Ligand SMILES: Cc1cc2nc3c(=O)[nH]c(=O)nc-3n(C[C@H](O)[C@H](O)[C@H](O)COP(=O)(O)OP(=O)(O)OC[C@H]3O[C@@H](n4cnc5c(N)ncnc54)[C@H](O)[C@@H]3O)c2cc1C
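The chain below stands alone and is given as structure tokens, in the form predicted alone.
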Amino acid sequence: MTIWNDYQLVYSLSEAVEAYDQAEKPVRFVSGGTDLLLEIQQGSHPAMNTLIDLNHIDELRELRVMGELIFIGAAVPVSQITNSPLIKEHAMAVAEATGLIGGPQVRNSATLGGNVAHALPAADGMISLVAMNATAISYSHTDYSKKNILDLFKGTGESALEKDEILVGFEFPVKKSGEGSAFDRVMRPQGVALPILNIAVWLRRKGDVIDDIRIAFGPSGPVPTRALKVEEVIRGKKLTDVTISRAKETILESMKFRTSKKRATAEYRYLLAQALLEKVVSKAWNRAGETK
């Protein structure tokens, strides 16, 4: 089948927007394309007349420190993020999450921008960015804009980005003393692309107390969210069996997991959520070390 009629390479953001405006519709921006092209091939997404390839825009391929922030370009291959010493130092949750996206060949093509723009509530890379409280940077018609990553989603598979808006990248603070993050997930043995459940945690410790924490489960609804009630139970407490037990109870009281015919029942996801919470919070705690 025909997936596209016109495939265009662009080398700047302004050129990309101009190409979009002039292209014969329907048109989509692509970087990795590992989700979009497969969906078109399988018939779950309409074919495109025009695809505009963003991979040659230098700004979207950057991965660097900018002052007190880490910047990951939307077109950086996830394999590069996984293996980056910079990301391993400052955001292990992101390194771990991107290292579990697809297989080795997919990770060499797939991008973090595509993982987020696809807007699936269990996307591994996206969930890790939620825990890091990342800011998304986008571009449209000469203007950059910034918004919290949670503001990028309208519903399952439905991005809040405008069709002519380009996701440029993500930024989040550099790791400071006493901070740590972690990610984990459970998959079906058959290798279904999306996890039964995943979790990302960022925390800051002061002495023997969890001073602050962010937790994101996926999927926990049609759009990604933070587990705010669970965070409240843990924040300001010592990491003890009592604290974890209360946090597990709060998962049952506050989280909204659903049954998926292809992946798992809601009941099983509640059990996984409790087990993953204890495991991943402990891992992030150990990585945080002591505050000086």
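The first residue of the shown sequence is 1; numbering continues from there. In this text the structure is predicted, and so the values were computed from the model without any measurement.
Quick note: we don't show the form predicted together with the ligand, though the next part is all about it.
Taking Ala216, Ala123, Ala95, Leu203 one by one, only a single residue has any non-hydrogen atom within 4.5 Å of the ligand in the predicted complex, and it is Ala123. With the partner omitted here, the residue from Leu36, Met255, Leu63, Leu239 that has a non-hydrogen atom within 4.5 angstroms of the ligand in the predicted complex is Leu36. The candidate spot formed by Phe29, Ala110 and Ala117 is fully in contact with the ligand in the predicted complex: every one of the three has a heavy atom within 4.5 Å. Only one listed stretch (217-225, 140-148, 157-165, 171-179) carries heavy atoms within 4.5 Å of the ligand in the predicted complex, and that stretch is 157-165. In the predicted complex, at least one heavy atom of Ile101 sits within 4.5 Å of a heavy atom of the ligand. The ligand in the predicted complex comes within 4.5 Å of a heavy atom belonging to Ala74. For Leu54, a non-hydrogen atom is located within 4.5 Å of the ligand in the predicted complex, even though that partner is not displayed. Though the partner is left out of this view, His90 does not reach within 4.5 Å of the ligand in the predicted complex, counting heavy atoms only.
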